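The chain that follows stands alone, in the form predicted on its own, written as structure tokens.
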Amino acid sequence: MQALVLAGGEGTRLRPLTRTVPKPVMPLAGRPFLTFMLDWLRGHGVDEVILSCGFLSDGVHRVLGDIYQGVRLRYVTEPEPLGTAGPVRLALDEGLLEERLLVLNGDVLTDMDLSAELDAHRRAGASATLALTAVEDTSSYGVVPTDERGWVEAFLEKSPGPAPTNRINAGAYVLQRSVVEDIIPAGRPVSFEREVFPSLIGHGLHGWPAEGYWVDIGTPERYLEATYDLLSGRPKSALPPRDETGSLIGAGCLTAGAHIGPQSVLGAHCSVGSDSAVERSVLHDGVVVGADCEIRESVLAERVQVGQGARVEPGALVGANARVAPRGLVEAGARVEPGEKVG
């Protein structure tokens, strides 16, 4: 089975973290994010994954290589942003697509049953099948109503007021190659949501009600939410054991006398000084925190340095190699660019 992962976005909502690291391989619970997706795909019989990359594409290849746990990885690089469907057409034109493939949004953490989606696609004889997940609040999403047999009736863009369904596009599709050949034009940006799928309504577009865990990690809030969920064991993953506070401490970390947790992640070779507190926060590799500091509900990218007595408040994102001066303050929700100095 073949899958194509749309991994070409710049991750603008996660800046400054994604200024220096491509979003697909940004650390999540101490691992490159896409490795969680690759594990999930491998568990459903996928043995080849095409990664559609754009921004910082060389960084994705450098981290993941050409083989991951027995799964062959192939790369398609967008010469310019091609939307959500254009990269699939590009893969077709490069001779990479089989008769049927999965297409996945590259910023979703989920444990939905892809094997069941494939079975539903075959039974329906569909041209394309969309996983539809239920959400409590549909105001931030377009909704996808279906009839009693599962055929998609409409794509309704997000709007205030009651919606006809609470099921939204989950970013996991089964496509026949003929859809790519016949519906997606070559050489320009194309949107699945605005062009391809609306044109397929009444022509073999099926919806499959997905169950299980699902979160889009594309915002700082949901990135931290996904981190806390992984530390808690949902969805299941191959993370190392957590400590008594539910935290994950990477190799070579120095934390004697510090207070780590609850639900924090320290990447490899971090150092946290005596009487400092790191609570519900993520430190990427090589972060150095002095003594008597407070780091709460925030994310510090690789090699950040935090001086003695400094505070980083909830919701802050601190870019790679930034420096926070002794007794400095990074205010709640602040964005500190890579290499910046905070007095």
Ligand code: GTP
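This one's a predicted model, so the numbers in the text were calculated from it and none came from an experiment. The first residue of the sequence shown is number 1, and the count goes up from there.
The form predicted in complex with ligand GTP is left out here; the points below concern that form.
query = Only one of 98-106, 199-207, 116-124, 249-257 gets a heavy atom within 4.5 Å of ligand GTP in the model of the complex; which is it?
reply = Contact criterion met by 98-106 only.
ask   = Which of 111, 195, 229, 78 has a heavy atom within 4.5 Å of ligand GTP in the model of the complex?
value = None of the others qualify; the residue that does is 78.
query = Using a 4.5 Å cut on heavy atoms, which of 304, 53, 293, 49 is close to ligand GTP in the model of the complex?
reply = Exactly one listed residue reaches within 4.5 Å, namely 53.
request  = Answer with yes or no whether residue 19 is in contact with ligand GTP in the model of the complex, where contact means some heavy atom within 4.5 Å.
outcome  = Residue 19 lies outside the contact set for ligand GTP.
inquiry  = Can you work out whether residue 10 and ligand GTP are in contact in the model of the complex, taking contact to mean some heavy atom pair no more than 4.5 Å apart?
reply    = Looking in the model of the complex, residue contacts with ligand GTP include residue 10, since a heavy atom lies within 4.5 Å.
query = For residue 83, is any heavy atom within 4.5 Å of ligand GTP in the model of the complex, or not?
reply = The answer is yes: residue 83 has a heavy atom within 4.5 Å of ligand GTP.
task = Answer for residue 3 alone: is it within 4.5 Å of ligand GTP in the model of the complex, judged on heavy atom distances?
result = Residue 3: no, not in contact with ligand GTP in the model of the complex.
ask   = Judged by heavy atom distances of 4.5 Å or less, which residues of 273-295 approach ligand GTP in the model of the complex?
value = The stretch 273-295, when checked against ligand GTP in the model of the complex, contributes no residue at the 4.5 Å heavy-atom cut-off.
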